[in-house]
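Below, in structure tokens: the form predicted alone, a single chain.
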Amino acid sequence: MTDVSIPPQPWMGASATRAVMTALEAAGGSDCARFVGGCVRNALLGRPVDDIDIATTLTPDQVMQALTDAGVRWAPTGVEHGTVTAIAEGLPYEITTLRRDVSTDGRRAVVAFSQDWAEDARRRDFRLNALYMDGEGRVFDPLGHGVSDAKAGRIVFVGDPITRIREDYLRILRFFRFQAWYGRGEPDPAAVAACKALKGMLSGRSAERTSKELLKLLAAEDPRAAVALMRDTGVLAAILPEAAPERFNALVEIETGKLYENDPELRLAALLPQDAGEAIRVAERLRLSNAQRDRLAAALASEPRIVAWLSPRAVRRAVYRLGVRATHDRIKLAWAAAPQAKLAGQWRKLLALAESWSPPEFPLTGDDVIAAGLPKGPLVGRALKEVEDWWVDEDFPIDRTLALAQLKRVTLGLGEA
């Protein structure tokens, strides 16, 4: 069923895209390959397109041969499920053969390849994702609801929601993610009921996929309604029992003023208690990267205490000790925890100072300590630490002679000790 046509998009006419589509069409004809899913949905809505997926009637072996014949690189990223990734001009294009599910256990599916576009559409998650488009911009909506759902902001499962979720339990989180990004108005009651009924099945699912879905949800411009719905259905507690949305809601309110970038990792931190140890445990449970774990822990440490009336000197001290990002995170979270409107200007000043000040380099080295008379050994590090603490407390004086004078006093004290 062809519902609408989309004006040519830059990504559709790009040489890399045309190279892939031409290779497939040379092997299977002009109607063997269509764009599918998110790129079609976003093009329809006038939103940016990041990933370009293609559906085809060609089998994976035929796809690989077609790309080889056309001189296009490829990788067998999921051949058992019908997926080959073409790499043209350094860009990936995921190409998947039309298919139907033979069996599934909620994690993995056994599929059979198909030539039927409607059959392929019926195995997809939401109706607004069951859309296909040819190279001329003609949109195909085999189920008859995808275009209208996309335009109305309705997130509706294909067919029976319980059945769709049982095929892959992480579709529960995908429902809330799509609700955050594309949903408008009241959420679909059948979808909400199914997610609530099956929330217990999220336990034991892939931690990496869970955290990926959660962070994508939190990256939406305003995910507060979706997170509230997750809380009300018990889904939030099923994946993040530590979550408390109050500070999170205030942080999103701060960010939606367009002065600051939406930050999914910081929003995750805002959902958690102010406890670095708890942050590390959550990060490990969700299998976050080491960098993400360390960021959460630094953001949720309790010291130094951040308040709206922090002095410029204290901000510089925090930046030197914690780093720019951690100080920025701590200020934002403190602001969200005490979001009185009358203090907004002060919080903004703290953020501006933290982001604009570049910490100087400590002017002394171990050689300076040895030259001052201390022998090599642990006392050298101790002396450097004491002088550095003085230097930070004095607000980073640039005159090296002052630091050397302080080093002399420290070394005398240590020598006497």
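Position 1 is the first residue in the sequence shown; the rest follow in order. What you are looking at is a predicted structure, and each value in this text was computed from that prediction instead of being measured.
Only in words, not in the display: the form predicted together with adenosine-5'-triphosphate, which the text now covers.
Trainee: Within 4.5 Å, heavy atoms only, which of R330, R295, R247, R171 is in contact with adenosine-5'-triphosphate in the predicted bound form?
Mentor: It is R171.
Trainee: Can you pick the one in R154, R177, K199, R267 that has a heavy atom within 4.5 Å of adenosine-5'-triphosphate in the predicted bound form?
Mentor: Checked against the cut-off, the match is R177.
Trainee: Any of the heavy atoms of G37 lying within 4.5 Å of adenosine-5'-triphosphate in the predicted bound form?
Mentor: Flag for G37 set to yes.
Trainee: May I ask you to state whether D188 is within 4.5 Å of adenosine-5'-triphosphate in the predicted bound form, using heavy atom distances?
Mentor: No - in the predicted bound form, heavy atoms of D188 and adenosine-5'-triphosphate never come within 4.5 Å of each other.
Trainee: Check R166 for me: does it contact adenosine-5'-triphosphate in the predicted bound form (non-hydrogen atoms, 4.5 angstroms)?
Mentor: Looking in the predicted bound form, residue contacts with adenosine-5'-triphosphate do not include R166, since no heavy atom lies within 4.5 Å.
Trainee: I'd like to know whether D125 contacts adenosine-5'-triphosphate in the predicted bound form, with contact meaning heavy atoms within 4.5 angstroms.
Mentor: Answer yes; at least one heavy atom of D125 falls within 4.5 Å of adenosine-5'-triphosphate in the predicted bound form.
Trainee: Pick the stretch from 117 to 125, 223 to 231, 312 to 320, 136 to 144 whose residues have a heavy atom within 4.5 Å of adenosine-5'-triphosphate in the predicted bound form.
Mentor: Selected stretch: 117 to 125.
Trainee: With adenosine-5'-triphosphate taken in the predicted bound form, which residues across 237 to 253 come within 4.5 angstroms through any non-hydrogen atom?
Mentor: Residues within 4.5 Å: none.
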